[in-house]
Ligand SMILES: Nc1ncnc2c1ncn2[C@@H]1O[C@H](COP(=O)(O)OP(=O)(O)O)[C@@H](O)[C@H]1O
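Quick setup: one chain, the form predicted on its own, written in structure tokens, and binding and motion questions come after.
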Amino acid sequence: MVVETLELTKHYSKGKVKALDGCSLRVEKGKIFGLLGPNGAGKTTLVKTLLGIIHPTSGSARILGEPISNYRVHAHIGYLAENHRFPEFLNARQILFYYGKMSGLNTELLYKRIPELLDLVHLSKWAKTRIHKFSKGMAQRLGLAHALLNDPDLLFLDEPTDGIDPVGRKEIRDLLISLRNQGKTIFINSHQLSEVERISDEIAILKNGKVLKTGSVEEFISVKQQYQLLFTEGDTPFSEVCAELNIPLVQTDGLFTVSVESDLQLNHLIDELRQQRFILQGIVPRKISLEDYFIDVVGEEAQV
């Protein structure tokens, strides 16, 4: 595992505030992992704990196979903080050079790497432009280039597409997918659920310092045993076929959604439709948005 936590806790005010409360999760190599949660859930605390910025109260965590107390592992990590700030009197190229030198990268490597990264995040034309003239989106792109300076194996990104227009978000998504395909692991902390849904392989929902749910995007948004059917009507109305088989049916905007108890019952329905001379054009598992799922999970937890 690239990231692994076990019962990780972080308490403040002599235990009165539990920013992390027994947080356990695992992130595999070469995956894009999305961390979701409402404000105050403990997402930023978790990332800062993993990076050694703050120390846990109890529990354990490992990054790239090493305990988080081993600061040498940071040489293989990139980090984009939320609302990061760069000295505004410097230009983009100078920012990457000086921060690279502070990270211990040699000058020859930086001269080669900086133009490549500015091109990668589409800032080549603004390489000599001072930061005070940058939009929020441009500053965010520069922050991503900074996180990639050391060609890290693991990237922690806090709201990576914040302030970026739709075209820019698409470019960032494509970049992150390309990095994942190169074998890098990407840990994203974001409020933008649609962005997380588009690119994440695995997701965890955090609330009150606890992990409520983990799983793949498909597991989160697929509704178990519900299917939308597309067809040309046969000899018997579709509603009558479903009623005869005791299968609940919902029709919305011309789409028919059935709820079955098992795959066997679905196949019985399909057999009956064929006997009634229906022409099936599609059977699609019903899905909901990640936002809907997130609201349901967080809402359920609040009612417990």
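One-based numbering along the sequence shown. Predicted, not measured: the structure shown is a model, and the values here were computed from it.
From this point on, the text means the form predicted in complex with the named molecule, which you will not see here.
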item	value
Segment assignment from 274-282, 66-74, 33-41, 255-263: heavy atom within 4.5 Å of the named molecule in the model of the complex	33-41
Close approach of residue 295 to the named molecule in the model of the complex, 4.5 Å, heavy atom	no
Proximity of residue 23 to the named molecule in the model of the complex, heavy atoms at 4.5 Å	no
